[in-house]
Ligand SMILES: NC(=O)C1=CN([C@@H]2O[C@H](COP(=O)(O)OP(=O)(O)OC[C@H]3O[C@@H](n4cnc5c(N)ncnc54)[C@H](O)[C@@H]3O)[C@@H](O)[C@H]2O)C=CC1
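A lone chain, given as structure tokens: the form predicted on its own.
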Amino acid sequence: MTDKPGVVVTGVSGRMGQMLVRELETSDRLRLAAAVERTGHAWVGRDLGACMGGQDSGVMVTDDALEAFSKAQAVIDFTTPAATVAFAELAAQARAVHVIGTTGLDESDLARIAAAARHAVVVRAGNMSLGVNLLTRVTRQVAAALDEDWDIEIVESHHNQKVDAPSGTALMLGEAAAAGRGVDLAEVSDRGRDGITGKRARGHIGFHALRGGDVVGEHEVIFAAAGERIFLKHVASDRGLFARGALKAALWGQDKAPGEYDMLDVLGLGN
């Protein structure tokens, strides 16, 4: 037996799922308790190690999320909005820390996650990296210091398999900029302009998404005024940094009261 908290990895066959498994294999503070995939997936019922091209690990991939969650203290979830909402309710039943890296969540999804967070710890972030979360904090501070003579544009680049745009990180940066200015992002957001759009609206925040190749993630916040510009940028070259951030969040949440947190809280940078 071990006293290391057990972690369930959902969507274990995906890029982030497999990265999380590899990070857990070398962790001296957390252990892999179970691996979950959707019903009908080819990995279900097979040994995880063999599925990942290695030796048998003794961990069988399952599609029974509730049973898997009941054996663990944390769930790390980089899947889809529909799956994440369902997992949030199951993790709350199991009183497991639910670390959410899923992007593309809409308002109804967020409301259901917030309801689950009344019963368990939820750590949700559009990006799990230290650098991006520091960038978020700086973006808010710069936006608060500059008036609407400074236009704000957010440009993000990702690999050609990413299915949502703008990225969750870009939206996180947009929310930070809007908060700095004391406005609602939904009211000032411009998405990927095309055609005869007219001149740029004063005070709006623009978003642009680039997709190509195997780009892990690049995000840039541009503040532009007459005669000068400020560029704030983060480049991720190693997907492992997101996995390591998620593990840090899973461990941090072990002694926290139920509620919804983000990576700024995990890093001690919360308001």
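Heads up: residue numbers just count along the shown sequence, starting at 1. For clarity, every value in this text was computed on a predicted model and none was experimentally measured.
Keep in mind the form predicted in complex with the ligand is missing from the figure; the text below concerns it.
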I have 16, 101 and 164 flagged as a candidate spot, so tell me whether each of them has a non-hydrogen atom within 4.5 Å of the ligand in the model of the complex.
yes
I'd like to know whether residue 83 contacts the ligand in the model of the complex, with contact meaning heavy atoms within 4.5 angstroms.
yes
Is residue 207 close to the ligand in the model of the complex, meaning a heavy atom pair under 4.5 Å apart or at it?
no
Heavy atom to heavy atom, is residue 139 within 4.5 Å of the ligand in the model of the complex?
no
Whether residue 41 contacts the ligand in the model of the complex should be assessed with a 4.5 Å heavy atom distance threshold; does it?
yes
If contact means any heavy atom within 4.5 Å, which of 224-232, 30-38, 199-207, 51-59 contacts the ligand in the model of the complex?
30-38
Could you list the residues in 104-133 that come within 4.5 Å of the ligand in the model of the complex, counting only heavy atoms and keeping sequence order?
125, 126, 127, 128
